[in-house]
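Here you get one chain, nothing else, as structure tokens; it is the form predicted alone.
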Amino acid sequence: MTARSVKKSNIDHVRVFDTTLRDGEQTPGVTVTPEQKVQVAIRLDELGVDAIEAGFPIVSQGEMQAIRAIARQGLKAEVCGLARAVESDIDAAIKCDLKYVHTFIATSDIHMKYKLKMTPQQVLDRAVKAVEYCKNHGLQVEFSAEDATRSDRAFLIKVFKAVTEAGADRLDIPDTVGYRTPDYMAQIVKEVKDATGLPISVHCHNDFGLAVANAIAGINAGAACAHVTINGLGERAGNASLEEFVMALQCLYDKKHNIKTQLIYETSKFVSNTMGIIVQPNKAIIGENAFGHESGIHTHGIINNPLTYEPIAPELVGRKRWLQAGKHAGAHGIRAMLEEFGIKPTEEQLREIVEKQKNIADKGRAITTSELLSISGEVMNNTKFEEKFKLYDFHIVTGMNLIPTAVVRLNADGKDFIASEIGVGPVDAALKAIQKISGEMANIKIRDYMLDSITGGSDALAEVTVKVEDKDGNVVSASKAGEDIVVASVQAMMDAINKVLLRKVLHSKI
């Protein structure tokens, strides 16, 4: 056992078992390459998870290749693979150089009758044989009774006792269809722990939105570990999300863990980009709006004391607070946003800026940072807003059998620059080329890219909104509309970079 797993014997120090690469990859529409799985595993290890379920070895040669590569990375986290309670699955895990197997078989009446078509005794025998087979091959074994929370309680306990006697190292209680409540999870954890004495894990799904609550209830009842995924990825409505589970344990229950919370947001973004599943803006902890404020009442409170409307400091999870212009924004919030750029309007100018941006917002439009600064420049007749980064021209080559390539010609601080880049599409290639030129001047990364259709038809007018973040974590947004999505994207990106440069220039003079 590793140093991490030894610590987990104390239930006040919770073990985090991450199944993003197995259950998370079972999210409908998600598939990742072996190389991508290795990169995600490295990020999870850096985050501090105690165990990584690298995948389901038997499903494909590519899956076995990825799991074997992860097992050979020398990670601090334990690496395990999923296996049904059959020898061929366990053999596949062994071929991946794994020393830790998570084996399972369903124990609920509905699964035994309609899926497995086995009697309870056959299920019991197979569970025991699987654990014995694993132990005979020197493996560490975590046994899961699939659909445990809908199983007959007496039969479930019988199975858990039998696999314990067969040598299982850990037991897992899955709420496979997210059907149970926190009270039920607490009861079943206590009963299984009392009956077996083994370390207990809980694996909770989110079909009723209770996955995190159920996982925490299990921990508080004596479970030592929870199976979680980054961003709550997983089958159907997903699994208990790592970020919510960990932060609730730490901040609400004073439980200890090995997660480096400052890396949570970066890990979330990496997984989101790799797996192609967008995180909803209002998602707790890692959603884009989790630490964003627009309401005048809220921003006033936040400016005076962040604890008025934030339960935790955003920096704790690698985030930064941001304010949003809009119809709910008040003078305090708008002033604070402008001061971030070194802009200090008079009281009269501030009132006019607030009114103008409210008028725009009342028409159903979101106010980007760029637009707020443009309004301010107009009201204040300020020449500081002149663009430092100018677009001369760009060319895109793309097609069915061509790699999208962009060539961009820009002027920065009076000097001409040309750069070319390839991408997954024309927009990606163009934005990467711009970033290459901006380099040291505006060291930024794209945080969000949104495309909305304003009108219908093949010649629809589209609006592109880009959010970029500088190296200090400051976020700037800009939007442009047009019939050509690539042109609108490039213009929005240029606008955002210019506002980042404006902030940099003005702050260097303060």
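Residues carry their position along the shown sequence, with the first being 1. Just so it is clear, the model here is predicted, and its values are computed rather than measured.
Quick note: we don't show the form predicted together with 3-methyl-2-oxobutanoic acid (KIV), though the next part is all about it.
**Q** Taking the partner as it appears in the predicted complex, which of 172-180, 213-221, 363-371, 265-273 has residues with heavy atoms within 4.5 Å of 3-methyl-2-oxobutanoic acid (KIV)?
**A** Going by heavy atoms within 4.5 Å, the stretch is 172-180.
**Q** E25: heavy atom within 4.5 Å of 3-methyl-2-oxobutanoic acid (KIV) in the predicted complex?
**A** Outside the cut-off, so no.
**Q** Is there any non-hydrogen atom of F104 lying within 4.5 Å of 3-methyl-2-oxobutanoic acid (KIV) in the predicted complex?
**A** Within the cut-off, so yes.
**Q** Taking the shortest heavy atom distance, is S376 within 4.5 Å of 3-methyl-2-oxobutanoic acid (KIV) in the predicted complex?
**A** No, S376 sits far enough from 3-methyl-2-oxobutanoic acid (KIV) in the predicted complex that none of its heavy atoms falls within 4.5 Å.
**Q** Are any of the heavy atoms in Q357 no more than 4.5 Å from a heavy atom of 3-methyl-2-oxobutanoic acid (KIV) in the predicted complex?
**A** No, Q357 stays farther than 4.5 Å from 3-methyl-2-oxobutanoic acid (KIV) in the predicted complex.
**Q** Report the residue, out of L82, L249, M112, V163, that has at least one non-hydrogen atom within 4.5 angstroms of 3-methyl-2-oxobutanoic acid (KIV) in the predicted complex.
**A** Only one option qualifies, and that one is L82.
**Q** If the cut-off is 4.5 angstroms on heavy atoms, which of these, E352, D428, E146, D89, is the one near 3-methyl-2-oxobutanoic acid (KIV) in the predicted complex?
**A** Spelling it out, the residue with a heavy atom inside the cut-off is E146.
**Q** For the stretch 201-231, return the residues whose heavy atoms include at least one within 4.5 Å of 3-methyl-2-oxobutanoic acid (KIV) in the predicted complex, in the order they occur.
**A** The stretch touches the partner through H203, H205.
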